[in-house]
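Below you'll find only one chain, the form predicted alone, shown as structure tokens.
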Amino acid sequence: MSEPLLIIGNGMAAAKLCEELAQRALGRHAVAVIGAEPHLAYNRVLLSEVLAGHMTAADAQMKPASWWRDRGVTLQYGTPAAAIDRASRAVVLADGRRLPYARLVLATGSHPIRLPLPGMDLDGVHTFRDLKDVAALLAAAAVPGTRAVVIGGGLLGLEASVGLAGAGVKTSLVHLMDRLMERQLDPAAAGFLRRAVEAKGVEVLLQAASDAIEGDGDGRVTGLRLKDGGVVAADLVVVACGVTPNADLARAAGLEVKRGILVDDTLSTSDPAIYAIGECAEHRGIAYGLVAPAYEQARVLARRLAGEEARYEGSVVATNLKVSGVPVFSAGDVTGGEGTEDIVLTDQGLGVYRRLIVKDGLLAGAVLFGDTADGLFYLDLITKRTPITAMRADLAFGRDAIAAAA
């Protein structure tokens, strides 16, 4: 008989795991997916497109209901898991039902960070993480003359601000650091990105520290006060300052947890019958907040659950972002530093920028803006540690130029 495999979490990591399992071990497990949200799995990367009105929530759905049904996957969404009973190997749902498991996968994702600012409880303060958030923002955006402030200039903040501007909202983006996406981009690429975001109608305020969210006597947001004393008027404040792994369920069950749920190279937790993948997992001290590592983990775990030998040894961090037509790619070590050399191609007129960081004859990092078609090619060179000395003269021009020169 098929052994019961429970997956807690109905997001992108869980959907990828089910897809890989269907290809490798269809029928080997009786798979059930538990999701807190009352929706089929959807692509969170597309939330800004839904917010901007470029697609519907249904368009962001990853798989139709028939796909899950045809592969024998039982979906239990809309009722969250409340506890894990490791002694009897069962998951307790919020409504009291108990679901037995032989193996359990935690793909619980993450939740947005809420800043410790005065006024965070005012009406009009939102986060940007799921379809419920998008629905709330769309309702607010429907009021003529709505003004919004987005706090955070990373991936989430950019997606929220460009999405709101696309929905017709006068939007300001407030960021503490000296450039957008400072973890992924160098100053030059971040400058290109700032100009592109401003061209979408977003006001960008850098090195601006938030002090408090201000409100009126009715408990409604009126603006964001900055530490320099300035106030950005707003009817809507969106906090998009990163995410924290959802590890409370694992912690309560006695699993080892630091920032995320600790897993080894087999993606097992401290309980060998329980695995964790995606944004909730912490592997070798890193909790990845990106889609690509979650998919890599899902592939490895599917192979293991299919009886194959496979290990996850970490991911080269890469960002491939396209928010309403703004293309950015970043991979590897983009900080440079001692022992590195830069290869740079810049075309201000076309809005194209490429910076390749070389160290010891290998490509160590890449930052692309405007034309990101060769991003995966550069990522492959970084991941495989391919010597680039013979192709160095043509490297900035991409795969086709290198092939033509050869």
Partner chain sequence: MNAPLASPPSVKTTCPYCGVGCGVKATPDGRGGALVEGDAAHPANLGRLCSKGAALGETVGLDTRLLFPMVRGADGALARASWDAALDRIADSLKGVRDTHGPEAIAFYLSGQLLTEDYYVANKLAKGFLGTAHVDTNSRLCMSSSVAGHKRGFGSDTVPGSYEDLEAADLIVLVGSNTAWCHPVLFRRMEAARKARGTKFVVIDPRRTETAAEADLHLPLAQGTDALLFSGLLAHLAQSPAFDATYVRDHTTGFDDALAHARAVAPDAAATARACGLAVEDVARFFALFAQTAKTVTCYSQGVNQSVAGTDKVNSILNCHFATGRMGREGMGPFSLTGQPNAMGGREVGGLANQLAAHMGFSPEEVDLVRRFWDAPGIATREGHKAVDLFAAIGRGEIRALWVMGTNPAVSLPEADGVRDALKRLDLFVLSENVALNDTASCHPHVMLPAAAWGEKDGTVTNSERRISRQRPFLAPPGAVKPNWWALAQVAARLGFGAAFAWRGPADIFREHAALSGFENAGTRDFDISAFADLSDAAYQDFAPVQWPAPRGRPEGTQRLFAAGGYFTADRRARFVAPAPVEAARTSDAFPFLLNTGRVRDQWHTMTRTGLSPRLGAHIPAPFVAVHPDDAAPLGLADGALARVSSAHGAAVLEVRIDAGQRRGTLFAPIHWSAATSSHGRVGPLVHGVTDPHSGQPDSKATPATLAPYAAPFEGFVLSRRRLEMPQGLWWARAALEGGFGWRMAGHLGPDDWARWVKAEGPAPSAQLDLAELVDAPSGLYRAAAFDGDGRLDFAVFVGTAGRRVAWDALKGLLSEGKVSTADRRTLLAGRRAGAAAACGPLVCACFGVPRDAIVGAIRAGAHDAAMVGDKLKAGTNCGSCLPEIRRLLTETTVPA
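Numbering follows the first chain given and starts at 1. Source: prediction; values computed, not measured.
Separately, the form predicted together with its partner chain exists; it is not shown, and the next lines address it.
Worksheet entry | Among 349-357, 30-38, 375-383, 44-52, the region lying within 4.5 Å of its partner chain in the predicted complex by heavy atom distance | Looking at the other structure, the answer is 349-357.
Practice prompt. Could you confirm whether residue 394 comes within 4.5 Å of its partner chain in the predicted complex, counting heavy atoms only?
Written response: Output for residue 394 is yes: heavy atoms within 4.5 Å of its partner chain.
Worksheet item: Is residue 343 one of the residues lying within 4.5 Å of its partner chain in the predicted complex, judged by heavy atom distances?
Response: Heavy-atom contact with its partner chain at 4.5 Å: present for residue 343.
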